[in-house]
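Here's a solo chain for you in structure tokens, the form predicted alone.
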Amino acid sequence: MTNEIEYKEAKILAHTIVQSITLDAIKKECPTVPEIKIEISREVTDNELTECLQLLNSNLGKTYESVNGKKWKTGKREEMLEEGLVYVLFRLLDSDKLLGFMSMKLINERSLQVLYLYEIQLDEHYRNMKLGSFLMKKLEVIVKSINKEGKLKKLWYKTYKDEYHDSNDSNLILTGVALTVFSVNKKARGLYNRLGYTLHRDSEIEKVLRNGKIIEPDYYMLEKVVN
């Protein structure tokens, strides 16, 4: 049952991404980004997965190794194949080189009814072109579009009927976007703060020792509520 629901959730998500993240919008909002093509997939190939993992390693490999050990790629590769994930790949039009990628999933569990951003990674040569901020803002558009369209609401009510009062239960919609960020990734945390992301109530928090020293967790869970 779980795989079937996640398949349907991913189908809804992929359809909405196609409508929300378009080349025309990127050209308009991020004019310095070179000519690219967008590939949206619910099942990445081994080659695509390897490309994404290589970019992730280039950007955050040292951080992953410090937190999860030298064999972090093994566990990360398994996570990147998780059921229900939808990938958005950005490639240079002339060379097919991977410029960046996003992976995301619809989540419905306990205190989370969100669009969860697993990864957003851009090649270092194509940053500072407003593309990252543009894509983050589009996640909010995706949430609003899915809630407005109503297919996810119907799916969740049909699947988890015993958990809701009726088909109009306020918990049958996405509340916003959530993500995980390494505490040492100050640049990413700054961007998320500027975009209105705050600490999720289930996130790990910093600890203050008796001598006043602050110990941060390895990562924080952040959320952006979307009305």
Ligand SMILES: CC(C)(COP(=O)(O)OP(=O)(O)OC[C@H]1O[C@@H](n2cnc3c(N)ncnc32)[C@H](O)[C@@H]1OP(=O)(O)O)[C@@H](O)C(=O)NCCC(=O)NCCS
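Throughout, we count residues from 1 along the sequence that is shown. Predicted, not measured: the structure shown is a model, and the values here were computed from it.
The form predicted in complex with the named molecule exists for this protein as well; it is not shown, and the discussion that follows is about that form.
Participant: Is there any non-hydrogen atom of Ile173 lying within 4.5 Å of the named molecule in the predicted complex?
Facilitator: Close contact is absent here: in the predicted complex, Ile173 is far from the named molecule, nothing within 4.5 Å, heavy atoms only.
Participant: Going by a heavy atom distance of 4.5 Å, is Ser41 a contact of the named molecule in the predicted complex?
Facilitator: Ser41: no, not in contact with the named molecule in the predicted complex.
Participant: Heavy atoms within 4.5 Å of the named molecule in the predicted complex: does Ser103 have any?
Facilitator: Answer no; every heavy atom of Ser103 is more than 4.5 Å from the named molecule in the predicted complex.
Participant: Whether Arg194 contacts the named molecule in the predicted complex should be assessed with a 4.5 Å heavy atom distance threshold; does it?
Facilitator: Arg194 belongs to the contact set for the named molecule.
Participant: Kindly confirm or deny that Leu122, Asn185 and Ala188 each have some heavy atom within 4.5 angstroms of the named molecule in the predicted complex.
Facilitator: Result yes, every residue of the spot touches the named molecule.
Participant: Select from the listed residues Leu53, Ile26, Ile36, Val181 the one whose heavy atoms reach within 4.5 Å of the named molecule in the predicted complex.
Facilitator: The residue from Leu53, Ile26, Ile36, Val181 that makes the contact is Val181.
Participant: Counting non-hydrogen atoms within 4.5 angstroms of the named molecule in the predicted complex, say which of Lys130, Lys151, Lys97, Lys71 makes the cut.
Facilitator: Contact with the named molecule in the predicted complex is made by Lys130 alone.
Participant: Heavy atoms within 4.5 Å of the named molecule in the predicted complex: which stretch in 44 to 52, 57 to 65, 198 to 206, 156 to 164 meets that?
Facilitator: So the stretch in question is 57 to 65.
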